[in-house]
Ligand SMILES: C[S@@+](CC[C@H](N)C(=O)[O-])C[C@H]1O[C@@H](n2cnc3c(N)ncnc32)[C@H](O)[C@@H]1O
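One chain follows as structure tokens, the form predicted alone.
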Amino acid sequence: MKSKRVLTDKIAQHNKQMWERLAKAGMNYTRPFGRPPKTRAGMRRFMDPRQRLKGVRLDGARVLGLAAGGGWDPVIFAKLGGDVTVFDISPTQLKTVKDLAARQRVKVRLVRGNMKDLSVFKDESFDVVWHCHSLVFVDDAARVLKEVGRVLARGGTYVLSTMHPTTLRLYGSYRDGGWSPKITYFEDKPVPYTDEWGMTWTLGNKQLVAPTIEFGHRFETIINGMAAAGMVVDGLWEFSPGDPESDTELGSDAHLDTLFPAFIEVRARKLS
């Protein structure tokens, strides 16, 4: 495993410590859940259930799993024939991928570092960049997107998923029959915690205090950042993972997710 010098970045260092704490405890998003089907089509559905990579050839593709430690995705890309590199700031999550890849008898390349600095990679090194649910943990989204645009090959595909900037500002803010944003939509600063949301992570009966620093990057920041990096957006989606018709407790985070989307996904192509 290569180790890239991590930028002197207090936010990154704090979040690295929190993810190490979460990963060592085996909390959500730090280890593989479920088991993918054995067929190629089944593996693709398992990894990409909303088909954001539909039509993209993965066999032989150079794939960067950006901040993708801990889960199945890099291993599935390798099983589908990709030449896979995993980049993550957490040594424990990288080890989790390494061990899973060994059990599944595939090879992945592991690099540790801060996603704001991908200088370890040459220009146009990857055909696919797969970036799930981690942009929220950096303060400078435009810098990350600029780096993605640099390492993405001409004609390559970038898929980003992250927290919805509006909904992130509302979690844990239910009072007197309604939600009130904790910061305005126009503020580019960390979303503050409340006692009800953000500091305590839960998995079944297990709870762990790990107050990560999170930013709700606005749509204009993300889309304009992609454009400035030489990418053209060809898809944008807003969704919540649960059932919008489900019976949820009034004022809970799950209830909020039935009213507002929890996540956004953006797909972009590098200009050829």
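Just so we're clear, the structure is a prediction, and the values are computed from it rather than from any experiment. Residue numbers here begin at 1 and follow the sequence given.
Below, we refer to the form predicted together with this ligand, which is not included among the displayed structures.
* Non-hydrogen atom contact L110 with this ligand in the predicted complex at 4.5 angstroms -> Result no; L110 lies far from this ligand in the predicted complex.
* To do: Please run the contact check for H133 against this ligand in the predicted complex: heavy atoms, 4.5 angstroms, yes or no?
  => Heavy-atom contact with this ligand at 4.5 Å: present for H133.
* Asked: Is A68 close enough to this ligand in the predicted complex to count, meaning some heavy atom within 4.5 Å?
  -> It does: once this ligand is placed as it appears in the predicted complex, A68 has a heavy atom within 4.5 Å of it.
* For F137, is any heavy atom within 4.5 Å of this ligand in the predicted complex, or not? -> Because a heavy atom of F137 falls inside 4.5 Å of this ligand in the predicted complex, the answer is yes.
* **Single option in T167, T162, T96, N114 placed near this ligand in the predicted complex, where near means a heavy atom within 4.5 Å** => None of the others qualify; the residue that does is N114.
* To do: With this ligand left out of view, choose which of F239, Y29, F46, F219 has a non-hydrogen atom within 4.5 angstroms of it in the predicted complex.
  => Only one option qualifies, and that one is Y29.
* To do: Could you tell me if all three of Y158, M226 and V233 have a heavy atom no more than 4.5 Å from this ligand in the predicted complex?
  => No, because Y158, M226 and V233 lack any heavy atom that approaches this ligand to within 4.5 Å in the predicted complex.
* To do: Tell me, please, which stretch of 149 to 157, 87 to 95, 173 to 181, 102 to 110 lies within 4.5 angstroms of this ligand in the predicted complex when heavy atoms are compared?
  => Result of the contact check: 87 to 95.
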